[in-house]
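First structure 1, then structure 2: two forms of the same chain, each alone, as structure tokens.
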Structure 1
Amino acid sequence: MSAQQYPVQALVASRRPHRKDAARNYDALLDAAREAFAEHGADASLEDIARRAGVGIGTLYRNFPSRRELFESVYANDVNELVRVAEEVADREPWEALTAWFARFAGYMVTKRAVREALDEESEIFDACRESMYAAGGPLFERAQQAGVARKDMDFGDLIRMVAGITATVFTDDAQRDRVLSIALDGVRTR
């Protein structure tokens, strides 16, 4: 698939600075924000995010003039990562490719919960991200169905909702989340 099929890639590229030092700070802020949102939800402190990134609060505001822009950028970057993973696993066996993508999707859902609290799901960013996510993951599911290793009585939207529902639960640790996800995906696999 070409980058033109993924609106989120253009969105991410347009927001990321081109200078190496500025791009490094931008990436560090996104990583720190993702971590803080996973721990504290939408109420994570911007000062804490700047501290975690090793930059001053002024650098945070230079990159993200509003809290909303920070949430949108974290969300778009996470979806962009899902697109990258889909491209990376596309050559694997159909079932392996699908489960590898959903393993990354489960991690993405942790951040999405915090972002959902802060953003209006009718925003342009949600549309671009949803379109990109379906364009990246949908073909992996269709390929698994065509290979006869995934149920044909469901569509990709059903599968996304199932996994999103499971990952919305609080788990004791990532291993438990991964185990429950594996059990759920096993119900999608044909024998």
Structure 2
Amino acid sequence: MSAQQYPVQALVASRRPHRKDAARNYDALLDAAREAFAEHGADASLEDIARRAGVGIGTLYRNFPSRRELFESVYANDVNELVRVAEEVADREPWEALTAWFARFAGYMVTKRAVREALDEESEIFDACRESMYAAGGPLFERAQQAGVARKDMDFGDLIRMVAGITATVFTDDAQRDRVLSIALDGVRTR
């Protein structure tokens, strides 16, 4: 659980300012941005984000000099959250730990989609986040494989993309999403 194990943690910690008012504004901007990304995707207006956060546009640009840095920060924070969850579920049964982790994916994918659209793969943050993600979730999957409940002819990268695709899709209701996800996971499970 060292800082090196999850490179994304450094990104999350490094930017937050020290002065009290500044830190408050920083947090408000991150929240407002996450909300705006969920609503408008990659084209959320920065001026709108500043407005939501109740700060001037100048404050937004001081904290995040470029659009890219704002996207990266929001994304890194979300990945960090998912890393935390992986630790939380680690003591459950192998298959159940894995599915519990994936249950948190829907929220994460909302941000992820906007960020991927906006940054278009050019950012090194994807490497750090993927690495953290794999370090967090990979062991859950490998444990399931070793316990003999998950098929061995696929890797974690295959699995995470499958789940990502399904959770990012629009369903008629949450019950359908759960049903479809569980059918797809039936393809992963050994019987």
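For numbering, take structure 1's sequence and count from 1. Definition used throughout: the rigid core is the maximal C-alpha set that superposes within 1.5 Å between two forms. Small disclaimer: the values here were computed from a predicted structure and weren't measured.
- Remark: the form predicted on its own is the source of structure 1; structure 2 originates elsewhere.
- With the core held fixed, the Cα of Cys129 is displaced between the two structures by less than 2 Å.
- After superposing the rigid core, the Cα of Asp31 is displaced by less than 2 Å between the two structures.
- Relative to the superposed rigid core, the position of the CA of Glu142 differs between the two structures by 2 Å or more.
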